[in-house]
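Before any questions on how it binds or moves, here is one chain, the form predicted alone, in structure tokens.
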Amino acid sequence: MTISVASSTQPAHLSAETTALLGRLILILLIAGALTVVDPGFASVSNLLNMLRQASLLFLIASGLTLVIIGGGLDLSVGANLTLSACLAAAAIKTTGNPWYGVVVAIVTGTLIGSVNGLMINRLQLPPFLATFGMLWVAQGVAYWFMAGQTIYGMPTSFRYFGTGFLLGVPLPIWIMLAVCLACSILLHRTTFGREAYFMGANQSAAFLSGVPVERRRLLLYMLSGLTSGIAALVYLARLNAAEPGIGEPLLLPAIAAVLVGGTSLFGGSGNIVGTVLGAVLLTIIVNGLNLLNVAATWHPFVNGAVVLIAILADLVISQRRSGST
């Protein structure tokens, strides 16, 4: 019965999401147009590519977080996961001299941390907030212990291509962002797994009673979140050419902000990965615009916080209207 209800409401759901995405796109164009009037240099090709490259780094860490939140969970360990994955990958590359060892180490480390998160929530019945908050400190602590106050720098040129290279005149991180976005979109909108993730986020009990293997799906969602953190670690490491224990600490809140500004509900069950791309782009444009306007860096968190609060309030209003209409 529940599945048939979900199918009947799907067209309206997609229409609302499309409208929301168009609204965010128009908002980005309006802000970009205003900043171009203030400073014509904003619309230069080099500045636009640089902003998209910055947005792609933010998106990569937010993409897996989007999947988890849509499924009704939360992953506060993505920043610490990136930190530990980058540090271990850097050590593997410097020790072996082979960049592919670093790629494998980062992917395995990120996915393993995501797996532990999923297992703690499934087996120990820990709330996602507590489980991933604890993992945040564990991963961060291991990274500090492993690095012992040192910084690993000087990655091979072939590895640095992940973060600094160009393909067809476009920075490689942007291509990676588009590839991850396409993969996540197909997963969410063209597979049974994606439909079950939305179902779990909307009503976990109903999903379980309808035969959805909730624990297995939840574990896979957290593994995907860890995987994207590992990919983000590789791009960050290649971009910065160095790894240190604090590399991922400032990234958690902007990643959550990109997800929320992109329209994914913190309550689960709605949202999409394209919205997270737009959220990452919007936040990056705002920071770039503040720099162009010579606004003191001390005001940047205030402005970003105001944008996130507006997004959360909009999410609450939309959720209340949906609840009232059902």
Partner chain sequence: MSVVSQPAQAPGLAFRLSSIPGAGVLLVLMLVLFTIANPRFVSQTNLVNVGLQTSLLLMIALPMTLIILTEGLDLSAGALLGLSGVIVAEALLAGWGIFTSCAIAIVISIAFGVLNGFLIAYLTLPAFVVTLGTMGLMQGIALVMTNGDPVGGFTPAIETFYRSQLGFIPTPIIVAIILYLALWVLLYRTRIGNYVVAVGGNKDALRLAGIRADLVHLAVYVFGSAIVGLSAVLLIGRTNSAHPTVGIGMEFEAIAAVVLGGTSFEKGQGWLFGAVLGALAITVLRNGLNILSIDSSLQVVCIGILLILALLIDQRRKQFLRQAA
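Numbering follows the first chain given and starts at 1. Nothing here was measured: the structure is a model prediction, and the numbers come from that model.
This next part talks about the form predicted in complex with the partner chain, which is not shown.
Chemist: Go through Tyr161, Tyr153, Trp100, Phe129 and name the one with a heavy atom inside 4.5 Å of the partner chain in the predicted complex.
Modeler: When the partner chain is considered in the predicted complex, the option within 4.5 Å is Phe129.
Chemist: Identify which of Leu282, Ile273, Leu260, Leu58 has a heavy atom within 4.5 Å of the partner chain in the predicted complex; exactly one of them does.
Modeler: Selected option: Leu260.
Chemist: Please tell me whether any heavy atom belonging to Ser205 falls inside 4.5 Å of a heavy atom of the partner chain, as the geometry stands in the predicted complex.
Modeler: Output for Ser205 is no: heavy atoms all beyond 4.5 Å of the partner chain.
Chemist: Just to confirm, Leu168 within 4.5 Å of the partner chain in the predicted complex by heavy atoms?
Modeler: Leu168: no contact with the partner chain in the predicted complex.
Chemist: How about Val308: is it within 4.5 Å of the partner chain in the predicted complex, going by heavy atoms?
Modeler: Yes - in the predicted complex, heavy atoms of Val308 and the partner chain come within 4.5 Å of each other.
Chemist: With the partner left out here, check for me: in the predicted complex, does some heavy atom of Gly134 sit within 4.5 Å of the partner chain?
Modeler: Within the cut-off, so yes.
Chemist: Do all of Leu253, Trp299 and Leu313 end up near the partner chain in the predicted complex, with near meaning a heavy atom within 4.5 Å?
Modeler: Yes, each of Leu253, Trp299 and Leu313 comes within 4.5 Å of the partner chain in the predicted complex.
Chemist: Please name which of the stretches 231-239, 182-190, 144-152, 168-176 has residues with heavy atoms lying within 4.5 Å of the partner chain in the predicted complex.
Modeler: That would be 144-152.
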